[in-house]
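The chain below stands alone and is given as structure tokens, in the form predicted alone.
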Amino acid sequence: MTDGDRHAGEDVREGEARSQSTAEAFRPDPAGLRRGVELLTDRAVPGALPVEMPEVGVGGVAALEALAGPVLGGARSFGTPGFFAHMDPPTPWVSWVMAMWSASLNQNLLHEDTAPVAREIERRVVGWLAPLLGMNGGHMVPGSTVANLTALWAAREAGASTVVAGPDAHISVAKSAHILGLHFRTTDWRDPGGLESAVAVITAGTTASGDIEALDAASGAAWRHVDAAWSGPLRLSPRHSHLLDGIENADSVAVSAHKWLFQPKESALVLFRDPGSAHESISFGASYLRSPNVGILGSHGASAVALMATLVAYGRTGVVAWIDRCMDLANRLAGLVDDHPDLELRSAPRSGIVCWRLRGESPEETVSRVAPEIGLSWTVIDGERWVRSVAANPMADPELVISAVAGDKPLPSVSSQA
């Protein structure tokens, strides 16, 4: 055997070893998966992220051990009693498992042959939820920014040339109009005028205060879109459904499942009264597609899987119990604020958002002063700054929040605490 033959043989053996090692990395490691779950449910201590990408990897379990501190320990926990700050909820554990299943399969809903079951799951979930909001179909998107853009695109294809929205519309509405080349203007809805060729965007649950604009506004618009990213799930609740009466008359609705449907990011829906016409107007075919691609997204994952699991595990009544609980917590917080001499309430909450403040202290100071385990935010409404508390966490404790802000001053007895 020549030296060349010997070296060639070594190269083949090394190549085979590398191939085996490469394949091994994709095979499930039961022990590693169990360790990942253990770390997920342990109380991780915050740690530092790696500074540089390693040339040689440390292995899966070691990577989990190294990253548990910064990823799990360093993140904000939306389910802690003090978190009463943003439209970001905790998620039920069953959705974590579904997210892991989906990651392991990496389905691509662009193609029928790469995600046959995932596409059917999305179709069914949309079919379950759309009628509750008065719509007849639609599809899932990563968030309501994309949902709003998609709805305005369909409205433009139906003839709308202007976007008209209230002064508190989400920033994505103006952004979508800009992207689509549509004229944008705001109105207070009392006398909007000139709606014959306009898509009117009505907000059901404004980001700053949770206000729900009149859902019968802009009846003369060419297209009526309701941005119900926040408040849309109230339609599932027998106690609170009336707050969205009239939404069924819209041409399209946006709703975020990763808000009050308690889903992992990124999960939302754009729904249409006439999904056939809307989808046809925003579809594109290509030689590599078996069926036309609907909407803005090309390749996209199976976010409906976690949503279906949540709905199957807890049912409509279970999800509604979380939503109703959040509404009760917001009312309880508002009652505590209203009865406290050192606190000021802007107005009664309409959809689970409470705007309030401590007299003699700016909201920015309040938010920065409270302990890290207390979640607060602040916003500006009509030129005034307010502390903003959002009831997205069914496990929140309003008394804990008030105590953190008002100090050791006694809390009043409020009947709504019952």
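In this text, residue numbers run from 1 along the sequence as written. Note that the coordinates shown come from a computational prediction; the quantities given were computed from them, not determined experimentally.
A second form of this protein, the form predicted together with a small molecule, is not displayed here; the remarks below concern that form.
- Although the small molecule is omitted here, in the predicted complex none of P89, T310 and G318 has a heavy atom within 4.5 Å of it.
- In summary, among the residues R332, H170, R235, R156, the only one with a non-hydrogen atom within 4.5 Å of the small molecule in the predicted complex is H170.
- Among H139, H340, R224, K259, the residue placing a heavy atom within 4.5 Å of the small molecule in the predicted complex is K259.
- In plain terms, the part of the chain that comes close to the small molecule in the predicted complex, with a heavy atom within 4.5 Å, is 205-213 out of 272-280, 286-294, 205-213, 242-250.
- Of the heavy atoms in N148, some are within 4.5 Å of the small molecule in the predicted complex.
- Interface membership of S144, defined by any non-hydrogen atom within 4.5 Å of the small molecule in the predicted complex, is confirmed.
- Of the heavy atoms in A229, some are within 4.5 Å of the small molecule in the predicted complex.
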